[in-house]
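The chain below stands alone and is given as structure tokens, in the form predicted alone.
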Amino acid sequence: MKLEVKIFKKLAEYDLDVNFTACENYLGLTGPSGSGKSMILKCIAGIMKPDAGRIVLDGQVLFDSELKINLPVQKRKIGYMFQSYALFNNMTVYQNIAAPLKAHHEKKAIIDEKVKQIMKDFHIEALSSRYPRQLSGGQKQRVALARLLVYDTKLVLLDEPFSALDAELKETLLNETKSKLQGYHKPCLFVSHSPQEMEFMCSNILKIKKGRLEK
């Protein structure tokens, strides 16, 4: 992975102004709450638009304020896991995982094959017909990660996905998540305020405070 990020965005409490290039498959971004971590992820994913700058992933320009380029979310091939997992409450586990494939107009037979295979890989076949309200925190996270990986994403963004879990489950899911990312050959930008999580997940770690990267 080669990710180039140079963005400026005026926020209520400070200006977000960061510039970094990463070539590692597992990059960490850490800092206190409200420091700009999640905003950087949202800008990379296309959920938020920077006021100025440039974002390039593996040679593809996702955003360039001078060239007036701003690819929509669905064309960036980036998977985003929110802290809340953002599962669709009115959809079953199967339907949640199938959602990105349907959004990209895959054929029904291909969708069925891919969803069943990834549910098998994640050992969640028995949850296929359940709804998010019927799942534990750990099960929700497995479903959310399966949904990210079922489609051909170039980059996975993880935004504090372990913060609401107890210590024992957190350790289990940290291991599972890293193993699955490696198994599916997906690079990851991981946001957390936990030094232990960072050390386990990432080969390179950037620190941010009030919208600026620290040396």
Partner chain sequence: MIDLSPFWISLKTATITIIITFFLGLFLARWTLNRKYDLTKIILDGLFTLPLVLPPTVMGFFLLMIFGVNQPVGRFFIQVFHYKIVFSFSATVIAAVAISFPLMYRSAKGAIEQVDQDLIDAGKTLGMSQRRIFFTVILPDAMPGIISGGVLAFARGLGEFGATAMLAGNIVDKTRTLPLAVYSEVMSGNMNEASIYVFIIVTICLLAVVLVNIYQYYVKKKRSY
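Just so we're clear, the structure is a prediction, and the values are computed from it rather than from any experiment. Numbering follows the first chain given and starts at 1.
FYI, the form predicted in complex with its partner chain isn't displayed, but the following is about it.
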{"query": "Pro100, His104 and Gln134 each touching its partner chain in the predicted complex (heavy atom, 4.5 Å)", "finding": "yes"}
{"query": "Contact residue in the predicted complex, chosen from Ala45, Leu27, Leu181, Val56 - any heavy atom within 4.5 Å of its partner chain", "finding": "Ala45"}
{"query": "Ile124, heavy atom within 4.5 angstroms of its partner chain in the predicted complex", "finding": "no"}
{"query": "Interface membership of Ser128, its partner chain in the predicted complex, 4.5 Å heavy atom rule", "finding": "no"}
{"query": "Contact of Tyr94 with its partner chain in the predicted complex (heavy atom, 4.5 Å)", "finding": "no"}
{"query": "Heavy atom of Arg147 within 4.5 Å of its partner chain in the predicted complex", "finding": "yes"}
{"query": "Its partner chain in the predicted complex - contacting residues of 70-85, heavy atom within 4.5 Å", "finding": "Val73, Gln74, Ile78, Tyr80, Phe82, Ser84"}
